[in-house]
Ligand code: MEV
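Take a look at this single chain in structure tokens; it is the form predicted alone.
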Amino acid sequence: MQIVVAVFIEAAMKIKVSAPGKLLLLGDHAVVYGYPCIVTAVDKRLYVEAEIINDSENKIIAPQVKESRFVLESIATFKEKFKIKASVKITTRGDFSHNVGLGSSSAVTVATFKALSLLFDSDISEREIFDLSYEVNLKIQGVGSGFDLAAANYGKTLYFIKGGKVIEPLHNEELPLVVGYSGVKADTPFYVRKVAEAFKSKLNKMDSIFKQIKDLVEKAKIAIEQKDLTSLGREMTQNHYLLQQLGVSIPKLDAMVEAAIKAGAYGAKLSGAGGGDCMIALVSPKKTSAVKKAIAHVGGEIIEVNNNADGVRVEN
């Protein structure tokens, strides 16, 4: 009996959770300036296991997460807020590499806060997890809107405005997306700052582009609700052309987008900050194979993911 109790206590001191990656469907960069975006969670997940340890320092084992500083900052923020003295061990692993731009840093931040809240039985809401995660993001990167954190936290597909001013679930089914990785790791803070510098020097032009992107987001929201894939694809493609005007696309992404459209996709665009990472194409089942081949033909790597996935959750 004593052995059974001991094993139970040890197991109870470990908490395992996971949070999903994300794809930005529309609203890239404009979301940083208070305009809306649409983001969807994907079924590639980041896993965090947390346990209390008898040590003077926290321990982090994060082979799949390059940005272990997000875990460190999350621990520090949580312990300060809830006056926690105990040390913890955080172990992470991921279904996806941090290189592909699916939001590993955001997923690990949200998952760490969720795991710690359960480990220490803290009374913390979904909204508080988002707010704390956003605080950590700004401390480390200095820029960002939080859409990726919202996707990791709430999951599904969201209509989102910077800082969580609006987080509205869109009640849709999984979208038929093909995802292509450019092979180039994007530097998100660099491209956000690049656009910010351009915004200062070309205020009217940049604001005009952001307003056009906003209009596309609003139309896409309606298209998603009405299951109008033709219109949604058109808005996505137009969004990509506006991102080209912002100077954040690269020839590789442009080639992948054009290849997908020529192969019969409803529409296609880069997803995220640009400069590399992924593009997405909206396709019909009949065209999926042709679109994948077209993207691969110009050097893209197909990433097999499903979207509209669950948000942060406890894992058995």
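Remember, predicted model here, so these are calculated numbers, not experimental data. One-based numbering along the sequence shown.
Another form, the form predicted together with the named molecule, is not on view; read the next lines as being about it.
Here the chain stands alone, but in the model of the complex its contact with the named molecule, taken as any heavy atom within 4.5 Å, falls in 186-194 among 79-87, 186-194, 225-233, 210-218. Proximity of residue 272 to the named molecule in the model of the complex: non-hydrogen atoms within 4.5 Å are present. Contact annotation: residue 31 falls within 4.5 Å of the named molecule in the model of the complex, judged by heavy atom distances.
At a distance threshold of 4.5 angstroms between non-hydrogen atoms, residue 295 is out of contact with the named molecule in the model of the complex. Interface residue remark: residue 147 is counted as part of the site for the named molecule in the model of the complex, having a heavy atom within 4.5 Å.
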